[in-house]
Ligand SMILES: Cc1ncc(COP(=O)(O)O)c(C=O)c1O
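Presented as structure tokens, the chain that follows is alone, the form predicted alone.
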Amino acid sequence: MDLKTPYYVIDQKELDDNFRKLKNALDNHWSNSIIGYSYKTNALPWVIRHFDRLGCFAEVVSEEEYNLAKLVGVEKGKIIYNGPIKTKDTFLEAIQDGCIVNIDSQREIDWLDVLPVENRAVGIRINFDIEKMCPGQSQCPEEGGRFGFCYENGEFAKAVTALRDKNVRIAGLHLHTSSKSRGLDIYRAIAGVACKVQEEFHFDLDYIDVGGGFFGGLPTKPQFEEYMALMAEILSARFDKEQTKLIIEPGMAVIGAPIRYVTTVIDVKDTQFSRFVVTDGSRTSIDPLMSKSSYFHSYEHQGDGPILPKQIICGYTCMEHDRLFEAINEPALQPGDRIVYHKVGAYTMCLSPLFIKYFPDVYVERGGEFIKVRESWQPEEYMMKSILEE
């Protein structure tokens, strides 16, 4: 099927197989659980609706994501509301609708005053020194993480006291922490902190929310079974599997691997320094922060060509650093050849800028068929909600 490039393809079988592995791992080790799909990782409406149908909760971190969940038909109470930028109205509504709400800031504690006492139940996000526990694996080793209430300096204890003084039931702990490694040590630390805090504060918790950040779809990295087995062993020392739910909030782990991005070579040019291969895709579509040094990729050549020592693969933008990778000692690429980038489903569609070209088509591959689930944006879509002065 000759589809117009560039476009994304979601492999539904791979997506569902990947999700099933995660669900099976949870069922094997802590069946009293909830999977909350992280909207910020990829909020394509087809994707979030699909995960809703698979039984996931919607994990959202803004008013816009919260309302998007309702718009696509997520049931009341099947939303996990996290993050520091909740609005007061959606915060209060979510609690009253029975959603899982994890507070992150003092202002959210203050907002609870307007709720009837019987509705005052929230989770609380704890900030802890993950770098000390896992040296070299945290994202911010010198300055520390910025989310939640700090355990080490007493801010968490102050928040707990304030909530108890307001007759707020602390229903859960939220322990997500960002890491560079995504390794098992991170989740050993998270589970250990949950147990330590439970012992110190004598919580009677409905849930432990360990967040996301897992690997998924890469055979050389830790598998879902390893993550879940490790955490279950540690958590079971302080928590009853029948009484306390385990919540995980995967994003990249379930959506990263099943999506690929297909581009076409549109021009080849030689300079006195290099051969440049220009494509109709862009680095901004698979690596919006332009931070990666390599990408999973494959070629679809139209014919045979000579082996060239070096070809620089470039995107369509007018930025010199829109260079995706160097093909070393590989067949010459020619206009019409295709380059396919694999495992690009996370933090791409939701971060890609509307720069020079707009959002591309998205297809779902199902049983050999390609079903379009988003039309590419044209100037008409770009102009939506714009106000032009006459």
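In this text, residue numbers run from 1 along the sequence as written. Just so it is clear, the structure is predicted and the values come from calculations on it, not from any experiment.
Not on display, but discussed next: the form predicted in complex with the named molecule.
Q: Within 4.5 Å of the named molecule in the predicted complex, heavy atoms considered, which of 250, 148, 281, 172?
A: Spelling it out, the residue with a heavy atom inside the cut-off is 250.
Q: Just one of 182, 78, 260, 238 has a heavy atom within 4.5 Å of the named molecule in the predicted complex. Which one?
A: It is 182 that has a heavy atom within 4.5 Å of the partner.
Q: For the named molecule, considered in the predicted complex: do all three of 5, 342 and 360 come within 4.5 Å of it, counting heavy atoms only?
A: No residue of the spot touches the named molecule in the predicted complex.
Q: Just to confirm, residue 214 within 4.5 Å of the named molecule in the predicted complex by heavy atoms?
A: Yes.
Q: For residue 29, is any heavy atom within 4.5 Å of the named molecule in the predicted complex, or not?
A: Residue 29 lies outside the contact set for the named molecule.
Q: Should residue 297 be counted as a contact of the named molecule in the predicted complex, where contact means heavy atoms within 4.5 Å?
A: Judged by the heavy-atom cut-off of 4.5 Å, residue 297 is well away from the named molecule in the predicted complex.
Q: With the partner left out here, check for me: in the predicted complex, does some heavy atom of residue 285 sit within 4.5 Å of the named molecule?
A: It does not: once the named molecule is placed as it appears in the predicted complex, residue 285 has no heavy atom within 4.5 Å of it.
Q: Can you pick the stretch from 194-202, 227-235, 164-172, 251-259 whose heavy atoms fall within 4.5 Å of the named molecule in the predicted complex?
A: Contact-bearing stretch, as computed: 251-259.
Q: Within 331-358, which residues come within 4.5 Å of the named molecule in the predicted complex, counting heavy atoms only?
A: Residue within 4.5 Å: 347 only.
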